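Listed next as structure tokens is one chain, alone, in the form predicted alone.
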Amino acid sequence: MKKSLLFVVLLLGLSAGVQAATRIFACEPEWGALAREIGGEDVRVTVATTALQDPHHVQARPSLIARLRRADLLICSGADLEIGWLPVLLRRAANARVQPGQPGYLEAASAVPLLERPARLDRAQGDVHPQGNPHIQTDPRNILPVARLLAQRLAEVDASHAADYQRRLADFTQRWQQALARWDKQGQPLRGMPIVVQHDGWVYLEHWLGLKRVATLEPKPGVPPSSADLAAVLQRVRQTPVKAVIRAAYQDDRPARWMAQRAGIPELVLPFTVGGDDRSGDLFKLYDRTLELLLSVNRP
């Protein structure tokens, strides 16, 4: 009898421990990875997308709605990146804890200055983001401000582990600053490297490393290039040689491959986010791999 009672108590204790974990719903893999760094064993993380999905276009599946309904904290890129699907999820989940304006609602883009804020809003210009370009994760310098904001929000929604979140933040900050110094040194040879990009999603990477974008394959953000568009870019590339044409792992490979074959330049598939290839499995490896790939095409 005593053994049975002890077994029940232990089961209840384990169950309570599991239930106590703060549930985080991350829209993109980079923020799920950051949440695991700061949250450690005190959080359970659900990531809505993978590196092989376009984060602009995600189906509001019932499984995602169910997970968001149970979440204590939501972290997304923001700046309207998820405007086509996140409002639907929020409405259907009806979870007051993660609605805009609540401590459980976090937009990573709110932690850093945004680039490419449009002077005027015109949907005829394609998939334009009014607040600025939302793809802040391509510059590792943007990760620490988001980490600090995340630790602060976690402490608000889970005050009992506030000290743990701050401890992990301090540890992550030290490791990240060391990595930043290494990446900055490794990236020096890339300054001024001319590139073509398929989609206007690399502005922060370009700003960080000093890459020189010669052209973009898409005539407007989010608009697939036509044959005439590609021919015009090819003519420009022939006049101003570039080192590579860059696309993200989730993007259609046909435009970049067409350009690479006709211009005689490498098609470079960068991971873009955590899990973009088999060597970018966490935040640190994401930038290690990105630099490795860029340096591999930067030859005389």
Partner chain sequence: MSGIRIPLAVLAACLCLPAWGADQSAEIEQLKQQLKALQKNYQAQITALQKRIDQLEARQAAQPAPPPAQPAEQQRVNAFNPAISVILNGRYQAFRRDTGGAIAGFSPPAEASPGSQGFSLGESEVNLQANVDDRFFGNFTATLADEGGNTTIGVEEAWLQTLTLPYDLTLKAGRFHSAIGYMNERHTHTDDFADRPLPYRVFLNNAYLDDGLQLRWLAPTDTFVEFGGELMRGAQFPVGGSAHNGVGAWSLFLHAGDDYDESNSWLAGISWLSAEPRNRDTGAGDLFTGSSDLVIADLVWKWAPNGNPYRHNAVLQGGLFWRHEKGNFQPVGKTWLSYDKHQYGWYAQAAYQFMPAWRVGMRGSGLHAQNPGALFAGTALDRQGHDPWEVSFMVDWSHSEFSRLRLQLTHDESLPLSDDRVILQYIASLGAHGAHEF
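Positions refer to the first chain, counted from 1. If you're wondering where the values come from, they're calculated on a predicted model, not measured in any experiment.
Not pictured, yet referred to below: the form predicted together with the partner chain.
Among A96, A159, A181, A228, which has at least one heavy atom within 4.5 Å of the partner chain in the predicted complex?
Looking at A96, A159, A181, A228 one by one, just A96 meets the 4.5 Å heavy-atom criterion.
Please pick, from R148, R213, R91, R167, the one residue with any non-hydrogen atom lying within 4.5 angstroms of the partner chain in the predicted complex.
Partner contact (heavy atom, 4.5 Å) among the options: R91.
The chain here is shown without the partner chain. Which stretch in 235-243, 30-38, 50-58, 265-273 comes within 4.5 angstroms of it in the predicted complex, by heavy atom distance?
Selected stretch: 50-58.
W85, H207 and Y250 each touching the partner chain in the predicted complex (heavy atom, 4.5 Å)
Checked in the predicted complex: all three residues contact the partner chain.
The partner chain contact in the predicted complex: L114, any heavy atom under 4.5 Å:
Close contact exists here: in the predicted complex, L114 approaches the partner chain to within 4.5 Å, heavy atoms only.
Contact flag, I65 vs the partner chain in the predicted complex, heavy atom cut 4.5 Å
Yes, I65 sits close enough to the partner chain in the predicted complex that at least one of its heavy atoms falls within 4.5 Å.
Test of understanding: in the predicted complex, would P224 fall inside 4.5 Å of the partner chain by heavy atoms?
P224: yes, in contact with the partner chain in the predicted complex.
According to a 4.5 angstroms non-hydrogen atom cut-off, is R141 in contact with the partner chain in the predicted complex?
Yes.
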